[in-house]
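Below you will find one chain, with nothing else, as structure tokens; this is the form predicted alone, and questions on how it binds or moves follow later.
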């Protein structure tokens, strides 16, 4: 039963990693670059949800909406200042721009939000139900339901809407998409905003899961998102989601059977092992697939 309890905890935590990784994978697809500012996007989303819950005494759905809106706007801002001006420049220029913005956002957050950890209101009152000896917290159920609902919605978006088809076309080949009449710049703008908004929602879920938010939480979460994406396959949102789930499970099992000090080490080890054995990830393949 102990193993099953840790497995459940890992799936719940991995669901959040999966959402972060899907956002990361979308950025890689439509922008074509690694984003060094995604961790701070997650952090901003977490604080948006925190302030809505703390000062507006609203419910969790409004908090998720706040995280979505705040980071959607931030995603459009990032595209405007980090990606679009350097579309025809060397790739390193845009990467450096995201590093600079990441440092700026992190430092600004420490000034605006303070340097201390803040405690997210527990909207579910630490309640749980039991299945045999396994305790399932309401927060875990809520997290998993939100992530599953978003994955289904994204699937419909990618394959049932003109915007989703345009996103996939731009991710596969920007020049060919432009020749077919797709507005590439606008698709990248909204695609990056969508990816960042997924990061924002995952930030709110993280705050709820751990009952805490912190201005420096972004760096660790960015590494988790990147590791999950590499693990599953850089070019596949499905692979990224699977990678996030597996990372969450491995982390929880590692903490349970070894020590909590190994939590972040496990992510680094997985990243190194995957890069050495299968750099394309579990489902990665040549080309880009959303």
Partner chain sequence: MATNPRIILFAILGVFLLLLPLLLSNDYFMRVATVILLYVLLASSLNVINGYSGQFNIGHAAFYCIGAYTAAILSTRYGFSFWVLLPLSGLVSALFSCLLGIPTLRLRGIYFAMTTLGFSEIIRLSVLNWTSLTRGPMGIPGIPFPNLFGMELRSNAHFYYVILGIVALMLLVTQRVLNSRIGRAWIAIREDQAAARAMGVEAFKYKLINLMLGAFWAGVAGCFYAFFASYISADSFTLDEGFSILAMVLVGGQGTLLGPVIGATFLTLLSEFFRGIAQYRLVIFGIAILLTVYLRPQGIAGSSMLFRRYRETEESGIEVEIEEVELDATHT
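Numbering follows the first chain given and starts at 1. Predicted model, so just to flag it, every value in this text is computed and none were measured.
What comes next is about the form predicted together with the partner chain, which does not appear here.
**Student:** Can you pick the one in 212, 157, 136, 81 that has a heavy atom within 4.5 Å of the partner chain in the predicted bound form?
**Tutor:** Of the listed residues, the single hit is 81.
**Student:** Here the chain is shown alone; which of 165, 141, 172, 178 has a heavy atom within 4.5 Å of the partner chain in the predicted bound form?
**Tutor:** Looking at 165, 141, 172, 178 one by one, just 178 meets the 4.5 Å heavy-atom criterion.
**Student:** Is residue 114 a contact residue for the partner chain in the predicted bound form, using a 4.5 Å heavy atom cut-off?
**Tutor:** Although the partner chain is absent here, residue 114 would stay clear of it in the predicted bound form, with no heavy atoms inside 4.5 Å.
**Student:** Can you work out whether residue 24 and the partner chain are in contact in the predicted bound form, taking contact to mean some heavy atom pair no more than 4.5 Å apart?
**Tutor:** Residue 24: yes, in contact with the partner chain in the predicted bound form.
**Student:** May I ask you to state whether residue 271 is within 4.5 Å of the partner chain in the predicted bound form, using heavy atom distances?
**Tutor:** Result yes; residue 271 sits at the interface with the partner chain in the predicted bound form.
**Student:** Applying a 4.5 Å heavy atom distance criterion, does residue 257 contact the partner chain in the predicted bound form?
**Tutor:** Taking the distances in the predicted bound form, the answer for residue 257 is no, it never comes within 4.5 Å of the partner chain.
**Student:** Which among 118 to 126, 102 to 110, 147 to 155, 195 to 203 is in contact with the partner chain in the predicted bound form, heavy atoms within 4.5 angstroms?
**Tutor:** Looking at the other structure, the answer is 102 to 110.
**Student:** For a quick check, can you give me the residues of 242 to 261 that have a heavy atom within 4.5 Å of the partner chain in the predicted bound form?
**Tutor:** Contacting residue: only 261.
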